[in-house]
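Alright, here's a single protein chain in two forms, structure 1 and structure 2, each given by itself as structure tokens.
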Structure 1
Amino acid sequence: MTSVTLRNLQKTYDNATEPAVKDLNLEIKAGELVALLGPSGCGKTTTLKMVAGLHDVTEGEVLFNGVAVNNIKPEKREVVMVYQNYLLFPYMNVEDNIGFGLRMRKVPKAEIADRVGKMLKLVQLEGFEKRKPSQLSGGQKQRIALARALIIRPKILLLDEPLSNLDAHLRDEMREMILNIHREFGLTTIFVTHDQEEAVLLADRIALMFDGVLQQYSPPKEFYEKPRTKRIASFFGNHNRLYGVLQGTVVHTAIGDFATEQVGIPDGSKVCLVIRPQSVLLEHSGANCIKAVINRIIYMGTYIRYRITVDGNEWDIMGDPHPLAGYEEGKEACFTLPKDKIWLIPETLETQETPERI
């Protein structure tokens, strides 16, 4: 298996005033599945193409198992890239598309036939050998593209928004297939996506990028529970926020004091208290309690959404799908903030657009 290290990686296109990727540092372990996540134009695909060797590196290094590969041609890197648009050969049938890479490597015909058969079984398309791409659905085309990439036994698999052209049902199927293939082959895999849910469901770790700069690199859970900045918290969905000053592990706010378990932030720091809607409890525990009038109750099927106003900001709270006695629109109710679910963002990080180098 192969590890990937991106060291001070930078890419500036010709005539561009700003780099597309700025001073990027990433350590991807051998056999790990990592998502490059971010909005359009943030540098995700540019990074992927530098790993593949399809884009020259302006500054920095790409290393495989600690060895720089900047000057190694793409075809010598043992890396394959699967694109969102499949890029199948329209005049070739399925088995010829899958076996193309082996034919280019002059693998014996009998071995090609054997390996193509195994790949068709792996992607669950046995019986489709003679069909042309025009006779396949979008999901089937993506499976063929994946099989064509895997059949040459690469060391690193790169996926560029592989599910973006599929409908919701097919995306679910392909996610499962990608996970199963990743586990079976143990391939170091990097995939690009702008979909937070996709990144969370597939990745061991997520590298979130804004404007060509790495913002946070951590397991999916930490993006929900420990976002580094307000912008990161917002990108990963709705978070409730409250502002105050930290003393010890207690945040003093305009509506009361709230205990936390967070350490490492200096006393007297101005902070943003962050908690996710589903972490707020619909009860009065005596500590970390907020009393607020319920502005609106929205039945969502599997849960009820309560909207309240806290220190001038609208909060969302997700509760049990069965209405609680006394929790009615226009009435005051108690809500508790569990201290182990609170995350604090120092004002210096809460306001800045890009964090310090990580």
Structure 2
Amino acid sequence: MTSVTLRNLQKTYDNATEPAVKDLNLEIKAGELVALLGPSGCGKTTTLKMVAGLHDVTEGEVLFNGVAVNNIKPEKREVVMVYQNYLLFPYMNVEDNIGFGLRMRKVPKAEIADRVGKMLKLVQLEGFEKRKPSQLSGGQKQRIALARALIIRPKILLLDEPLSNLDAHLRDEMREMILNIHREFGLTTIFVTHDQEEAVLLADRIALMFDGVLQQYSPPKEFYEKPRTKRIASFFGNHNRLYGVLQGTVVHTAIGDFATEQVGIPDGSKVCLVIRPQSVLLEHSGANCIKAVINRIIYMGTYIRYRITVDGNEWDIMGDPHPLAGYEEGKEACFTLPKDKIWLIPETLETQETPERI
């Protein structure tokens, strides 16, 4: 069981002016499954390759169990990477692919054969020994790539977009397999992805990065309920926004006052109130209520989307798939914001926000 610590990690490529990764600090517990999430070019893959030792570190340290490994070559780190496009060596059959790492370590042939057999059993592809990569489906290739990585008993497993090349039904299957293997081996696992859904499906904790900077590091749920900035909120999907000033436990806005349960923000702060589309209730409960004209009603099959304009901001609200009396296009209706679902982002934290590019 190996913990990973990234301390003030920085990477600047040879011909680049801006660092690809800036002063990154991250603590990954032994046996944890962590996602590095972010849009392409955010530095997540660079970070992963620094952990693997495939990219040199410009500044800072990578520590395994508290010991710096900056100077350990990738082939000695016992960290293994599984690539998004699997990268099975095309001229080797399945057996030779899986046994590659052991052959590099000059493990006796009989032992290699034995361990390859066990691995094939683990990934449920017994009997595929002699197949060539070109004769495998995407899901099978993925499993062979995983077996090839696991056979060398790595301390840390690195996965590059593990689910994104797979169809919807294979995604579930692969997710199960990765979670099972992770549980069985207790392997510290880090994966990168640009797809927040993939991160949420797999990870214990997500480290979200924008432009080489770590934005938030927390369990998936908190990204939805407690995003630290508006940019994080938008990355995780639709959020409705309303601006105001916090006084005690009440946000004063241009269209009324809203009670909140959030603590820790100084009195008198300018805040952005955010709430998720599915948290807004289609009812008139008196307090925390918005009256607005419904611009548009869109039937989505499993739910209905209502579009309203609140203090100049476009809002989306998700309601039951059954039409409700009084909630009709062009008519004014009431929407309630439950005070435990309201999340406030202090405006001071927004200084570094740049337009989202996803």
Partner chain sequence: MKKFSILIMLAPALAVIILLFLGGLLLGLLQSVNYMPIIGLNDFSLNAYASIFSDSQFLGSLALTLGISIVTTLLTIVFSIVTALALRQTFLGKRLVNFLYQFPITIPHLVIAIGIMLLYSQSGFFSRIATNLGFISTQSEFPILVYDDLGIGIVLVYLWKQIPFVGLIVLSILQSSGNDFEELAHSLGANKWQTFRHVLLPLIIPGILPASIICFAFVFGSYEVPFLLGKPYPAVLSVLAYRLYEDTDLSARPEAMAIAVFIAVFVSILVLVYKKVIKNVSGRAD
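Each residue is numbered by where it sits in the sequence of structure 1, with counting from 1. No experiment lies behind these values; they were computed from the predicted model shown. If you superpose the two forms and keep the largest set of C-alpha atoms that fall within 1.5 Å, you have the rigid core.
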Practice item. Would you indicate whether the form predicted together with its partner chain is structure 1 or structure 2? Key: 2
Practice item. Establish whether a shift of 2 Å or more occurs at the C-alpha of G248 between structures 1 and 2, with the two forms superposed on the rigid core. Key: no
Exercise for review: Kindly check if the Cα atom of P154 is displaced 2 angstroms or more between structures 1 and 2 relative to the superposed rigid core.
Suggested key: no
Check your understanding: Under a superposition restricted to the rigid core, does A259 display a Cα displacement of 2 angstroms or more between structures 1 and 2?
Key -> no
Study note, to complete from the structure: Superposed on rigid core, K106 CA travels between structures 1 and 2 a distance in Å of 2.6
